[in-house]
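Quick heads-up: it's one chain on its own, the form predicted alone, in structure tokens.
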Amino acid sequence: MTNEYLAPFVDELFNLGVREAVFSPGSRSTALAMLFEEYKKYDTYVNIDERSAAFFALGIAKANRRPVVLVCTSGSAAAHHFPAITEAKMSRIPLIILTADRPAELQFVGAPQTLDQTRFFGNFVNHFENLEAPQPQAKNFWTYPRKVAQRAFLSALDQMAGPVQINVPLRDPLVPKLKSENYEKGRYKLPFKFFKGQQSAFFDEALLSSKTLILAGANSAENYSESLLKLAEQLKAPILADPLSNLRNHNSPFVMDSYDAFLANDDLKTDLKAESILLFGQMPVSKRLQQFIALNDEAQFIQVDPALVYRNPSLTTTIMVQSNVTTFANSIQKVNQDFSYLEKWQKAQEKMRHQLEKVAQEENPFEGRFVQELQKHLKALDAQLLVSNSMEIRDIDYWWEKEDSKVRILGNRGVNGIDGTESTALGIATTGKPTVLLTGDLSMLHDLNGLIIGKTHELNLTIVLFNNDGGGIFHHLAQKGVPNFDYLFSTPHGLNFEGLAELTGLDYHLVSNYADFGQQFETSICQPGIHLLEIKTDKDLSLALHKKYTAYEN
């Protein structure tokens, strides 16, 4: 009897609520992969690239808000998980990573495909534990693996959700005996259960002035939009809604969606100063907003979060409230009758939004208008949109307008990398809902291997690709114009994305104009498979048009 003790581990994770498992092929992980697959209750996926597999699992967990199992073999395999693990940690996405390993007697003796996997991911996991093979005659042979599963699951869903690593040393023979009765062994008469609670804290409402500002950042843990809208109405407080907060799905007079543009105006920044600021979720992506917060250094900055982790890069936080957002928002009884502060924000919002909407008349290929077109074609759908980092999330921040819709916008804003986008999007697509990836050319190039699992598992995804032939974001930053700018930063590559059609079997189309985009998008979102709509833009023209349409005039 060797690896049969893993069967109760597989059973216990399912009983706790895990429903998906992602594997990358490997010899040392044979027992884990076979036992999960033989259980026949999990949705399983095989991804030949560990780096892609980890982002794929991240996408599944992000979409479903529950832990996903990720299995790899020994050696360097786990190292390929690292980028996705850091993202999961910083964006609070629960993953249970099972790293197969060689047993103790094969460590530090030159055995192939072996390295020290103890606490391999360091501080980027919530919990680490070795799942050792118990002695065959041990009383806890079948129950010990269940306890490990419980600790892994609970750690992944702690106050600050995140990844956990369970390292599994395995001896030969690696192929397990597939006995269905083993899954049931070690079950308790009273099964282990988990009940997720809601934290609350006493809060002095006198700290909320008539000039209260609400910041709603990226949020992957809970849907608290309705609670924040109710709170904003009570306090007459504007909500500065990051696209990833998904508060822009509400056409509410309290929701501001164009603040990054008008906060470039120095006079407005002075006039809009707040006396109290509430932060829910991550700090929004807008750099100008962060600069504005820094100017409000005399305001009470109140961070509300289930975990006591600093999330304000402006370094102005004065109060930390440990509470779930919904519980906190619903507990506030204060009602403000003064509309004057809110009306100042609404006036700036209306004026700026009117200016931004002029992009609808732009005839040149420009990312801003394509975002408008994308929203127009998605708004009637119960859809999912993953937005890559760099310029794409900023294009969405400017041109994605608040309106009543069900489009859920997602992004990897934990460490803000441009890798793993295709894999994350395809993981999100496993929900079966219409799924779109908006990405740039460099982000797309970072994760071309991610397209493989879309082909092998017949997943559906529409990719809207803004191709400006390199790092267009640097044309908006301080590096623009420095010596060797193109070589070091703009990095034109001249690659032809049409070749992906032959390589991966995806459906490719080069968009010729805005009408063509609308027609092709409407067709692709309703058809199975992966569809790539490439839009070629010019970096310098995009910069000029961006300045034109985001200029706020007094």
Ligand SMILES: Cc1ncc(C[n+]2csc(CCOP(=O)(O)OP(=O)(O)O)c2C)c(N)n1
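In this text the structure is predicted, and so the values were computed from the model without any measurement. Numbering starts at 1 and follows the sequence shown.
Absent from the display: the form predicted in complex with this ligand. The rest refers to it.
- Across the options 416-424, 95-103, 261-269, 74-82, residues that bring heavy atoms within 4.5 Å of this ligand in the predicted bound form belong to 416-424.
- Residue in contact with this ligand in the predicted bound form (any heavy atom within 4.5 Å), chosen from Pro284, Gly471, Gly162, Pro169: Gly471.
- When you look in the predicted bound form, the only residue of Arg369, Lys211, His446, Arg146 with a non-hydrogen atom within 4.5 Å of this ligand is His446.
- Although the partner is absent here, Gly440 lies within 4.5 Å of this ligand in the predicted bound form, judged by heavy atoms.
- Although the partner is absent here, Ser390 is a contact residue: one of its heavy atoms lies within 4.5 angstroms of this ligand in the predicted bound form.
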